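Quick heads-up: it's one chain on its own, the form predicted on its own, in structure tokens.
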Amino acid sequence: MEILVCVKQVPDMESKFNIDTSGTWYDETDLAYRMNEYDEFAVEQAVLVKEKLRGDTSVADTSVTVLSIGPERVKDVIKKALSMGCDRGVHIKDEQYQARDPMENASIIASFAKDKGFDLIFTGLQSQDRGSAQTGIIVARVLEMRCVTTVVGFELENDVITAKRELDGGLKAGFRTRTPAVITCQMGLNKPRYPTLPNIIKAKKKELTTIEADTMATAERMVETDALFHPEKKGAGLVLEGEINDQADKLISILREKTGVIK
């Protein structure tokens, strides 16, 4: 079985962000980067599937390929995925990654995957910087593969996937489908492992291929960022205290004086 897992490098969300000179992205100077948190669950699930299947002599040749799109620095997250148990890495080199929309990114992934015979493709639910939650779904559509999203439970038996999805309001839904399929992973699906020193050393010897993004993108951009800006600062809220009747009287007075909602 062949498995592909897609990961993205994002800034540490505790960083202080400034807008760059273009006004459409953040200034990357002095930012610390890490693997997108949702993608850590995708990597872990791909490796768990591999480990389970390699115990079965009929699918002992199962392997996991990890792919990431971005500048030279994204090799760091590929190497982390390799140290977590992935077998080979693919770096789609793209210095203009921040300008690409989900359709473009999905077309790049699909172009790579289309002739590789992947039975499973794992992605994170969404990226922490853009949060579009679209790329994995579009990959499935372009490759004409089944897709299960927001997955918090996953089992694979004889090419049959039994998945549990997280829905709104704390609800869960059970799904069953077959491979080949794309799975988008939600937090809580598993517990991502911490790379050990021996595995970090082993990862340095694993295959890591670089491909130029311009040779892979097949879709036209459908969305462009017009402007990036910090949320407008607003005044502090007003907390009404006292008995319920007193609070109601104060609220009516405020609405009458400051909003014109009540005449």
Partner chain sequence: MSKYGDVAVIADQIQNDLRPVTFELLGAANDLAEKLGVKVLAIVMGHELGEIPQTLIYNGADKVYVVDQPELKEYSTLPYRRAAIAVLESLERPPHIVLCGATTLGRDLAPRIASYFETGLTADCTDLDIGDYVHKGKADPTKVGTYHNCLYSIRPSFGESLKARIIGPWKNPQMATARTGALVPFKTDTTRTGKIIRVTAKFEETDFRVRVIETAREVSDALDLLKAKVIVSGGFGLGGPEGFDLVRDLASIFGESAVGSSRKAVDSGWIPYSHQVGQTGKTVRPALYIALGISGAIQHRVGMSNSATIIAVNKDETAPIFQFAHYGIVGDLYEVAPLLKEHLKQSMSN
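If you superpose the two forms and keep the largest set of C-alpha atoms that fall within 1.5 Å, you have the rigid core. Residue numbers count along the first chain shown, from 1. Values in this document were obtained by computation on a predicted structure and should not be read as measured data.
Missing here is the form predicted together with the partner chain; even so, the following discussion is about that form.
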Given 215-223, 43-51, 62-70, 197-205, the stretch touching the partner chain in the predicted complex at heavy atoms within 4.5 Å is 215-223
Taking heavy atoms only, is I108 within 4.5 angstroms of the partner chain in the predicted complex? no
Are any of the heavy atoms in R141 no more than 4.5 Å from a heavy atom of the partner chain in the predicted complex? yes
*asked:* Even though the partner isn't displayed, in the predicted complex is R88 close enough to the partner chain, meaning a heavy atom within 4.5 Å?
replied: no
### Residue contact check: N190 to the partner chain in the predicted complex, 4.5 Å heavy atom
no
Within 141-162, the residues having any heavy atom within 4.5 Å of the partner chain in the predicted complex are R141, E144, M145, R146, C147, V148, T149, T150, T162
ask   = Quick one: core overlaid, is I19 moving 2 Å or more at the Cα between the shown form and the other one?
value = no
